[in-house]
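Okay, so here's just one chain, in structure tokens, the form predicted alone.
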């Protein structure tokens, strides 16, 4: 109960710190953090699945759905309000996730991973062939507005950064409550022994399907923000390398801490950006070495650092 009560206070402090940072960060850093947070939302959905022992390699499906829905609505209907576009993207991703969730909940291990990946690649192939949606070139997305406010230049970047920060803090608090709830603890128990959970009267299939839908919603939300931040969407949003990047962030952060997911996403963006800048021909090697070091030194992810500190305080 003490932990649950501390979540709103911690969320408020985190949001205040992010707001202050937004007014001092340069434009490039603000954009980098915005993109990292958007991708972190997708990775957080994968972390929710990981708590139950599943890893999805197809979250690019929902990332792409959210991005395209927001882009098409903005271009075809003239709707540019970011709140409404986010809602539409989330509803679309959630609806597709509700269709596929019960099906994929029957599978485990490599079968779940490959089935989720295949769905993502089907969307990639379909979008690449649809010339009405720009084919492989994709399409440009109109700049978002904020309840009638239509900023340009740096004010637009700042508004999008603040909006994304608010979403991250809100979603992080909600997911923390979910992970600490009975349903969240059941997911951890499923990871250890599914048969015992069934004997206790809980439905493993239902729990996995719900986690999948939640991951789909978060994927769609991350896609909406990314598409609006970049100003362009294309089939690459659904490609397997994009889905793999989300899995990297989830593994990098681990499932022990929600803030670690977004910290890990920022670290990955920073390492990739600077590696690409200073080692343009071998930046993939630098990124791979970084990921390898983290996995070797912190096999349970960045979140394990919080757990170690907590145990040290208890022993002291």
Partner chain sequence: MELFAVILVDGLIYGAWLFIVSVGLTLVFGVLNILNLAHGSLYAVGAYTTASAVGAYFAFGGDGFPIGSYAVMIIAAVLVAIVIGPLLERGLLRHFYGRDEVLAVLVTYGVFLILEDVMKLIWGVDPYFVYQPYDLLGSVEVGPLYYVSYDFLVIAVAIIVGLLVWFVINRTRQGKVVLAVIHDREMSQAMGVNVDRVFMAAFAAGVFLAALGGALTAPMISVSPGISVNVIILAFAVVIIGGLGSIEGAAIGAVVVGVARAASVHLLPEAELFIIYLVMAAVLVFRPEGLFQKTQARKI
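Predicted model only: the values in this text are computed from it and were never measured. Residue numbers count along the first chain shown, from 1.
Same protein, other form: the form predicted in complex with its partner chain, not shown, and the subject of what follows.
The stretch from 70 to 78, 151 to 159, 234 to 242, 164 to 172 that comes within 4.5 Å of its partner chain in the predicted bound form, counting heavy atoms only, is 234 to 242.
Although the partner is absent from this view, residue 289 contacts its partner chain in the predicted bound form, with a non-hydrogen atom inside 4.5 angstroms. Although the partner is absent here, residue 283 is a contact residue: one of its heavy atoms lies within 4.5 angstroms of its partner chain in the predicted bound form. In the predicted bound form, at least one heavy atom of residue 128 sits within 4.5 Å of a heavy atom of its partner chain.
Heavy atoms of residue 10 never reach within 4.5 Å of its partner chain in the predicted bound form, leaving it off the interface. The partner is absent here; in the predicted bound form, the one residue of 25, 19, 295, 302 having a heavy atom within 4.5 Å of its partner chain is 295.
Distance criterion of 4.5 Å from any heavy atom to its partner chain in the predicted bound form singles out 247 from the list 256, 32, 247, 267. Residues are counted as partner-facing when one of their heavy atoms sits within 4.5 Å of its partner chain in the predicted bound form; in 171 to 202 these are 195, 199, in sequence order.
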